[in-house]
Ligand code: KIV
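Next up: just one chain, as structure tokens, the form predicted alone.
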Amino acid sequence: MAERIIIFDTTLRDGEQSPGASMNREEKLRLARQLEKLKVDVIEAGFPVASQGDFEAVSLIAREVRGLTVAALARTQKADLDRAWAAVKEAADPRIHVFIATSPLHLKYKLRKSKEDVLELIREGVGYARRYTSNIEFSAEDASRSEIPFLAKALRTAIKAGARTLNVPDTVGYALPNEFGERIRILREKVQSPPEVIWSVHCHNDLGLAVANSLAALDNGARQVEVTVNGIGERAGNTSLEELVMALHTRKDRIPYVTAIDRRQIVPTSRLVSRITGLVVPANKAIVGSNAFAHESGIHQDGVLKKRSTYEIMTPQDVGLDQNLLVLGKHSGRHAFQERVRELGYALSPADLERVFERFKDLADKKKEVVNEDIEALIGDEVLRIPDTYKLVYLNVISGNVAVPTATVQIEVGGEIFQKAGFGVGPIDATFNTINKIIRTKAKLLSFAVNAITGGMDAQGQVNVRVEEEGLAVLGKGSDPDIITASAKAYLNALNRLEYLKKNPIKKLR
């Protein structure tokens, strides 16, 4: 019988550390609920000591999401551990995830501590966490560049202090599959952990080897893999959940392991993460990219038409691609719409449902086909966002190859309507310039990206912008069948986020 692998999802913690991918509390809860539907085993909900917002998000997830383990990250310091436990203590199965670096490089330049100091911090930190719970995971940061004798001693120390999961991270994506697998094997031989201790790995993708390194670790005794949806995370990201899970499923002839993941939820989860973070999934991304099951070559098309398995090693249905069919249109009523929202996993208040339904009816008048992705984009615009200081009331843009791009914009600020007109080098530039004139912001546009939410000429456009002001960088998102309107919504969403952060500053760890 195939052995069961524990899927530890850190999209809400390490994934959120992708530049520009920060999430608010409501977005984190929505994603946590989707991860529960995906049937991951563990959610690392955040780093509670990092900010009040992160603490509140972890606490909310711990209370609301019941079908899995909820973990909180903490350093070996008592303040971190107290904060982590306060955040997760109401979870159905709370876990404290304790970490400290063990590589010579980190000891010398980051921690500025000796090996003996680090061993004592592990003893004290894990032992202190053990007062709260027996579900403790210990991570040796930068383990792939740590000296094996000291790393083994650090892991033994963690076990003696009370850790029951040992995590070996390839923190900077430095390892190669054969050496990483060998490192896991040697460590297990040297540490001689009790049978109940689970070995885990957390691999980064700096050399594009995170999934390969994780698979090599499984072959050498690891039984938990730390992953993120779409592989997002610091720098080049983390082990991709969907790639790891589908590798195990597709090649079970050579990789005799199983997971509890509901594979039909892979694509919906991927799209939700992309929508919340604004990080667009590349078309050629394995498993969830738009080209993953597309065939342009005539030879490939001919083969697939005759027998899909000639050029497809898995089916679109395997990962949930059969769930985006047309369901609703302009003649649909509230009851049908409410049922579709419920099927998508959203529990909206009557007021929120009414707002989204009105937006849906407007969209259905413009689009012939309204699909799940459209509905989720509307929910994201109307519900899963911070309170608006600035609201778009009216937008009219004149542009063309013989006209000076001109935008007229009305914005509601504190119940009062302001209107101005402005020019630009293009229609979107004119729109942004006019918004700036009304709000008098000094924000700078760092990036602008537009993506079609669905296929077809009448697809909704989703616009993601990043803006920066006085050292604060935020992501703004907006969707609309009209790209210029979507751009205005995204820009105002970013400015609203800036305003929110000014009033609710996040304290960052140094």
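Computed from a predicted model, the values in this text were never measured in an experiment. Position 1 is the first residue in the sequence shown; the rest follow in order.
Below, we turn to the form predicted in complex with the ligand, even though it does not appear here.
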Query raised in the report: Which of these residues, Glu376, Asp429, Glu243, Glu141, gets a heavy atom within 4.5 Å of the ligand in the predicted bound form?
Result: Glu141
Report summary line: Contact with the ligand in the predicted bound form, heavy atom within 4.5 Å, among Thr102, Ser270, Asn167, Thr239 goes to Asn167
Query - Partner contact for Asp14 in the predicted bound form: the ligand, 4.5 angstroms, heavy atom - result: yes
Query - Proximity of His202 to the ligand in the predicted bound form, heavy atoms at 4.5 Å - result: yes
Requested in this report: Although the ligand is absent from this view, report whether Leu73 comes within 4.5 Å of it in the predicted bound form, heavy atoms only.
Outcome: yes
Requested in this report: May I ask you to state whether His97 is within 4.5 Å of the ligand in the predicted bound form, using heavy atom distances?
Outcome: yes
Report task. Given that the partner is absent here, state which listed stretch (349-357, 113-121, 133-141, 146-154) has heavy atoms within 4.5 Å of the ligand in the predicted bound form. Result -> 133-141
